[in-house]
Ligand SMILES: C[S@@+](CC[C@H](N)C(=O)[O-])C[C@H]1O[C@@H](n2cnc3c(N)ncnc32)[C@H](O)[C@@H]1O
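A lone chain, given as structure tokens: the form predicted on its own.
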């Protein structure tokens, strides 16, 4: 089993595949100013198993195209969508976020929680922008420094993991340079990491290792996730996810 297969098997049974919460999604939805609008066209890119997708469907009127590369995640999303009676509102699409199968000026809202890092913040915005209508809203959560100085160990960790991590002001400058006007931004609280992501993930380690017959690759993946959690607990005052809501000019 390759690395992607292991990642999918570890994460597909969880409500979320990254830090976040229904409350944070609701807050960001309110900040878009779209709650009173009708018949919106929405794309949720890197939707995973749909933690935020279902919240979007609860608060916004319109059709949601839920995009993910992995059919295993989309299968779980489809089951959850059916249980909520939202099949007519949410359409799963298997596609790479690097090559979305959509035309220009399609969506009123492009949403992505904790997924744009896969391709990089700047590249993601530059590629997705054309699918958004002029005046449309881009809402992204992205790993962000919350201080201007950090311990060397933490700097080195994120230099390996994601060199594009930046401060809030750095992310806002990228949005501006890409032709967006920032409407709002905020930092995700600790419970998004601990209660809604790491602790549920921890509970899945035992069954994951059993499914993988205690393979060395699976053991290494769990160890990597444990290290990531320890780094967060040790250094959580220095970084989090930032949520950025911006309008295409």
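Positions refer to the first chain, counted from 1. Predicted model only: the values in this text are computed from it and were never measured.
Quick note: we don't show the form predicted together with the named molecule, though the next part is all about it.
- Relative to the named molecule in the predicted complex, residues 32, 60 and 138 are all farther than 4.5 Å at every heavy atom.
- Interface residue remark: residue 79 is not counted as part of the site for the named molecule in the predicted complex, having no heavy atom within 4.5 Å.
- The shortest heavy atom separation between residue 132 and the named molecule in the predicted complex exceeds 4.5 Å.
- For the chain shown alone, residue 95 is a contact residue for the named molecule in the predicted complex, at least one non-hydrogen atom being within 4.5 angstroms.
- Proximity of residue 223 to the named molecule in the predicted complex falls outside the 4.5 Å heavy atom cutoff.
- Only one of 73, 102, 157, 145 lies close to the named molecule in the predicted complex, with a heavy atom inside 4.5 Å, and it is 73.
- Per the 4.5 Å heavy atom criterion, the named molecule in the predicted complex is contacted by stretch 45-53, the sole one of 198-206, 211-219, 45-53, 178-186.
- Within 4.5 angstroms of the named molecule in the predicted complex, the stretch 49-69 places a non-hydrogen atom from each of 52, 68, 69, taken in sequence order.
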